[in-house]
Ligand SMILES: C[S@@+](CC[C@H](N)C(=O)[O-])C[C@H]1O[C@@H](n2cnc3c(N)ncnc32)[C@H](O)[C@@H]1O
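Okay, here we've got a single chain as structure tokens, the form predicted alone, with questions on binding and movement later.
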């Protein structure tokens, strides 16, 4: 059994395939299952460090697309010219600032996580605040029909956030990828097919 923090088979596979982190396999699975990424898309990746989701998204959208990554720490890998990095706190982002890179986005990804304290309810509350910010940005920036994937540590308030996503998207649900560690409390909130806003 692999202990938390120890390299496992997916970690070793990620390194072999040139990805920055094992988390790439979570995105790959969700993309395969829900058809999230396509050539030419504009993608926003929140909490992009160390860069494995940026790598995969850039491969999938190709040179005709755009991927904008945001994190307090820069990616640890080299990336193609159609990837832009913004060094910022996700909680300080505004839709207006992100429209400087693209007027709207087809997909918002958020793998952002708080600095954990080991106090479960505090970590869950901090994670929820980040996920709520990701949902707010997605609802402001996505094109009609766009999609959202946002990580959250399960705890109070998460079911309400999933309900909010269900109301805004044609498909809204919580999903735990197979690549998530079994002991992890993380789930991903998925929104597929943003409904037209009033007035659109």
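Bear in mind the structure is a predicted one, so any value in this text is a computation, not a measurement. Positions refer to the first chain, counted from 1.
The same protein also exists as the form predicted together with the named molecule; that form is not shown, yet it is the one meant from here on.
*Asks:* At 4.5 Å between heavy atoms, is residue 78 in contact with the named molecule in the predicted complex?
*Replies:* It does not: once the named molecule is placed as it appears in the predicted complex, residue 78 has no heavy atom within 4.5 Å of it.
*Asks:* How about residue 73: is it within 4.5 Å of the named molecule in the predicted complex, going by heavy atoms?
*Replies:* Contact with the named molecule, yes.
*Asks:* Hey, in the predicted complex, does residue 50 get a heavy atom within 4.5 angstroms of the named molecule?
*Replies:* Residue 50: yes, in contact with the named molecule in the predicted complex.
*Asks:* In the predicted complex, does residue 123 have a heavy atom within 4.5 Å of the named molecule?
*Replies:* No, residue 123 sits far enough from the named molecule in the predicted complex that none of its heavy atoms falls within 4.5 Å.
*Asks:* Judged by heavy atoms and a 4.5 Å cut-off, are 41, 104 and 136 together in contact with the named molecule in the predicted complex?
*Replies:* Per the other structure, none of 41, 104 and 136 touch the named molecule.
*Asks:* Counting non-hydrogen atoms within 4.5 angstroms of the named molecule in the predicted complex, say which of 90, 98, 83, 128 makes the cut.
*Replies:* Only one listed residue qualifies here, and that residue is 90.
*Asks:* Partner absent here, but in the predicted complex, which of 51-59, 169-177, 137-145, 32-40 has residues with a heavy atom within 4.5 Å of the named molecule?
*Replies:* Within 4.5 Å of the partner lies stretch 51-59.
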